[in-house]
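Below, in structure tokens: the form predicted alone, a single chain.
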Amino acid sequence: MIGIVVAVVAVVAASTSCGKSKNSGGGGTPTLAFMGALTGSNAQLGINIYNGAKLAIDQHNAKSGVTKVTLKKYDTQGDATQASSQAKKVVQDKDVAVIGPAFSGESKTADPILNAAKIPFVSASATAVALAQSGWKYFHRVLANDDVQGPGDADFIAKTLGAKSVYVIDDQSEYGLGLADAVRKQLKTDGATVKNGSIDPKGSDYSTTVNAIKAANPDVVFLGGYYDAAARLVKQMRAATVKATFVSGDGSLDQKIADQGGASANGALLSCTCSSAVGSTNPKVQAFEKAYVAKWGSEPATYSAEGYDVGNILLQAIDNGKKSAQDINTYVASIDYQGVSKPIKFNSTGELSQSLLFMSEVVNDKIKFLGPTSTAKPVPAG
């Protein structure tokens, strides 16, 4: 299997050396690619990123005297197999850079193809630790990985919430399992009692898991997974009178957890190394929020600000005369950028040089941003 993958990547890489297209610095309109889920059960997270990036590009193209840039969509449906196919299309189309891939599982299959083709890819959302450990020279991401989020979640659960017993569940995905394992490891260091479980993210009946949770009677239930399954799980937990505090990570941080989970989702605590652009006092962030609402008719959501920042970083590279994929990658690697989401500067592996973890809560059926985990306090019930 490894030999087959290497052979495929080699063929794809070789195909990029045979001339240049109008997209790769040949004098035409530079084309950026968005790669992520635009359809499927967890598509809203990808849509949030695309909306932020599209806003950045539309604002850029409205200026006079700039190189006009186009943005192409590559819908992965959040599926690893689809992602590898879409990555090959990006290579064939000779787009100069990729905003994405969005999810960690799809990144695992798409990133080797993009890296072999020497196309820079900057993710606004993929957090699996291993992505930055593969030696990829064209990889960057604008948020911290699960080695920040997982231990941070565990410390918040054990220290801020004061939990002594925690039931940790994963959805068996690349992202969910990695995050859950990081939480499990740190909780044990923090002295909490940990019990473990797994769910099928496409399943509808979680009664076996819910019954096990009820029998364990934990203080907190943590899920490493996405909002679609999280909404079903928390709804079934509350129906079974499980009162444990529900905590999850950035994959669950979307208004749809409240929409789909109903009143059962109230009180859910959701972490992210992404920050909220809603309610900021920073004029730059306020301007972004206003423009986003004007364009899309809704407030920025999870990863919207990160998508906007990635788009603007790539546009800044192009405005500075970097039209080829390799020149854009060199520029991105050395950037020191004050984004609307956070300061963005990369280390040699494509990770942020400074990382923070933030917490939000579902309050009265809406996501409420609580701030950094170091100071975040849950809203009292009632």
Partner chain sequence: MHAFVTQFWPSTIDGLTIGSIYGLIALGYTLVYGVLRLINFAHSEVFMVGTFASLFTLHGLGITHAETGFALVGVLILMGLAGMAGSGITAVVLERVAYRPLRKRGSSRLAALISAIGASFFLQEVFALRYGRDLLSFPPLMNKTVLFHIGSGQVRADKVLVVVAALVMALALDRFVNGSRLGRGVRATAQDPDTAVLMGVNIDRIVMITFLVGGMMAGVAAMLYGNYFELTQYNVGFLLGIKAFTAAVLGGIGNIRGALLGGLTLGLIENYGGSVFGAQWKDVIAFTVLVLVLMVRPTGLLGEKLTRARA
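Residue numbers count along the first chain shown, from 1. In this text, all values refer to a predicted model and were calculated from it rather than measured experimentally.
Unshown form predicted together with the partner chain; subsequent notes refer to it.
Checked against the partner chain in the predicted complex, the candidates Gln133, Thr189, Ser207, Asn217 yield a single residue with a heavy atom inside 4.5 Å, and that residue is Ser207.
Here is the short version: of Lys72, Arg232, Lys118, Lys94, the single residue with a heavy atom within 4.5 Å of the partner chain in the predicted complex is Arg232. The stretch that touches the partner chain in the predicted complex, counting heavy atoms within 4.5 Å, is 193-201, out of 193-201, 301-309, 282-290, 267-275. Contact with the partner chain in the predicted complex, defined as a heavy atom within 4.5 Å, is made by none of Thr160, Leu352 and Ser355.
The closest heavy atom approach of Ala294 to the partner chain in the predicted complex falls outside 4.5 Å.
In the predicted complex, the partner chain sits within 4.5 Å of a heavy atom of Ser41. The partner chain in the predicted complex is not approached by Gln255, whose heavy atoms all lie more than 4.5 angstroms from it. Although the partner is absent here, Val148 lies well away from the partner chain in the predicted complex, with no heavy atom inside 4.5 Å.
In the predicted complex, Lys256, Asp259, Gln260 are the residues of 252-269 with at least one heavy atom within 4.5 Å of the partner chain, listed from first to last.
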